[in-house]
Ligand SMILES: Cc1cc2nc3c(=O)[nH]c(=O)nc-3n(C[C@H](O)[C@H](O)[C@H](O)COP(=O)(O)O)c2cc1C
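Take a look at this single chain, the form predicted on its own, given in structure tokens.
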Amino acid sequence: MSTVIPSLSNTVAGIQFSSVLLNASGAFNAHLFNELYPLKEAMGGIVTKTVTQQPLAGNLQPRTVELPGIGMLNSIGLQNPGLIYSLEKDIPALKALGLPVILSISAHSSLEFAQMAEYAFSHPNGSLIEALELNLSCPNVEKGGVHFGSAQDSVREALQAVTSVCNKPVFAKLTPNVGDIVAIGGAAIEGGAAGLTAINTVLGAAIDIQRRKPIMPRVSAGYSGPGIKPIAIHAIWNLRKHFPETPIMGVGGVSSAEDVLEFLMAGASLVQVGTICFRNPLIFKEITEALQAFCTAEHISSIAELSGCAHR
């Protein structure tokens, strides 16, 4: 008797994802990974690195600090080639891998967010994009980062501006560096967000004890990796509790199939994998195989049924 392979797919915001696994923005090179194994067999979609309207060189070096066993600090500063380059070069190349592409964008104002969205979907390659992810929470830039993500009004206005010119699903990526992430999530939904991405990096810093000064020129940096997983799960749990009909892309410290299952059970519909990609290029293949084994052992035909099950 042949064994039935459990489905790892889920339909979220009208988009069919063949797997609940996606990459986190900025921590993944799809083309290098695809040389090791077909990403179509291990992922459900690809999130681009965050792009801005104009190219950015990013922050001064040093911009990363490794924290062995618990993750890393980064203050890249949204280095990217700009929206036009991304649309003309990156988007077609990513779409050629056969997966839904989600474009991550950041801007200095609600108007700029709207201009970027309008330009993206009026571009000939705009049809290759399935959804937008608004980076409202990057802690490494002075404008368009924490300013948006920490204020309900600015989050609501940014989402309203984008959804007024965009007929594709828009996900709001939320920062954990706020007093009440549920209030921020609610503002995003009021603004028209089709879904939420939670969470972005946690603010952190590191000191060079020889120089007796901060390692990063900007002092503050974004902390990611296993250490932030409980923070992400707590955020996802509360967002799912208050907004049970709104899909959530969970992200933050995922490095194993067990982590993915925790995120799903806490309320995520999809799970993004980030920092571990720097250490383990086989991570998506390994997690996929482990998830299939778990579902088989637990007699689960579709992993989507686990989403939010801890609330029931």
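Note that residue numbering follows the sequence shown and begins at 1. Please read these numbers as outputs of a predicted model, since none were measured by experiment.
There is another form of this protein, the form predicted together with this ligand, and it is not shown here; the text below is about that form.
> Within 4.5 Å of this ligand in the predicted complex, counting heavy atoms only, one of 283-291, 52-60, 37-45, 23-31 shows up; tell me which.
Looking at the partner contacts, the answer comes out as 23-31.
> Determine whether any heavy atom of Val254 comes within 4.5 Å of a heavy atom of this ligand in the predicted complex, and answer yes or no.
Flag for Val254 set to yes.
> Check Ala193 for me: does it contact this ligand in the predicted complex (non-hydrogen atoms, 4.5 angstroms)?
Output for Ala193 is no: heavy atoms all beyond 4.5 Å of this ligand.
> Please run the contact check for Thr175 against this ligand in the predicted complex: heavy atoms, 4.5 angstroms, yes or no?
Outside the cut-off, so no.
> Ala158 near this ligand in the predicted complex, any heavy atom under 4.5 Å?
Heavy-atom contact with this ligand at 4.5 Å: absent for Ala158.
> Out of Leu94, Ile228, Leu132, Ala235, which one falls within 4.5 Å of this ligand in the predicted complex, going by heavy atoms?
The option sitting close enough to the partner is Ile228.
> Which residues from 99-113 come close to this ligand in the predicted complex, meaning a heavy atom within 4.5 Å?
Stretch hits: a single one, Ser104.
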